[in-house]
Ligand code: GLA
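In the form predicted alone, a lone chain appears below as structure tokens.
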């Protein structure tokens, strides 16, 4: 049992209002920011996310039947369903993440029991910081604990079940990164994930730095169509390169030297898309090496290069994201900054020397808001812990 913090106490008080009696457990799962490695996941590549100190919490107790009743504090709505009659809910959309996780866990061979509880999150929604993964993983831990099956699945298996829920029940074609880092993150570490093998390793995050995240608050209306288009362009690149490199199955298998040697096989636009992905994989591995060496300047340089590649080669930045990155880089103590997530809006992330977070925050509010006439949100976070379950009894 961990010491009960103020936020957990407040959610417990809400539990007492909507249910008789007391909860038995709290399940916590964080959001994430991707330090580097954008649009590499669906190309079998590498990503380097960090768990944030913002999370989704489920305070709950088991039931003796197969009914799940969850009250979402911020939405003021209920998910109320039978585990034997799971069906997509058109009206209460967040409930589909809970039902999807239940469906995926049972598909994985875990017989569940019902529960009742209160869900609360402080991960900004629609910002690209993966509130959906926080919801999925916290729900997964709660459902497993309510069934007395907390040890039934490993962390990677829980992450894969949550991804399966989002892909096949909710209908969102996400990769594995968000669920993996939410489940397996560790305080003081980033997580290097191989999106092909799902091998992973913890990478120490330096004590002398922190992350400042700027939410552009700008529309991401182009993100879905652009995502599908970029994915198709990458697949076209692989198909064309295979005539010269028959051993490759994804852009993950291509080096920058090979791409340059065979660029004549590709249209200019497909070449640029491939150049971003191939270069980004190399930048991820370079960042891991720089973190191991404690070379924060090199990490910042690679983050800057990632943003330029996303802007110029992959063309998924936006006026708002470029303005946010420029505002971050204008501040003393900012080592590097880049867009994070799919692009076209959402957030940018800056690597900042410890003690200089306020300077970067002030520069964002001063320069970004003037440039875009939009008031942003700014969050500061260390590399934080992944999902965890605590007893309240």
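Positions refer to the first chain, counted from 1. All values derive from a computational prediction rather than experimental measurement.
This protein has a second form, the form predicted in complex with the ligand, left out of what is shown; the following refers to that one.
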| task | Answer with one of 135, 323, 177, 234: the residue that has a non-hydrogen atom within 4.5 Å of the ligand in the model of the complex. | result | 177
| request: Could you tell me which stretch in 35-43, 347-355, 55-63, 327-335 has residues with non-hydrogen atoms within 4.5 Å of the ligand in the model of the complex? | output: 35-43
| said: Whether residue 200 contacts the ligand in the model of the complex should be assessed with a 4.5 Å heavy atom distance threshold; does it? | reply: no
| query | So, in the model of the complex, is residue 49 in contact with the ligand at a 4.5 angstroms heavy atom limit? | reply | no
| 4.5 angstroms heavy atom contact with the ligand in the model of the complex for residue 227 | yes
| said: Is residue 70 part of the interface with the ligand in the model of the complex - any heavy atom within 4.5 Å? | reply: no
| note | Within 331-345, the residues having any heavy atom within 4.5 Å of the ligand in the model of the complex are 341, 342
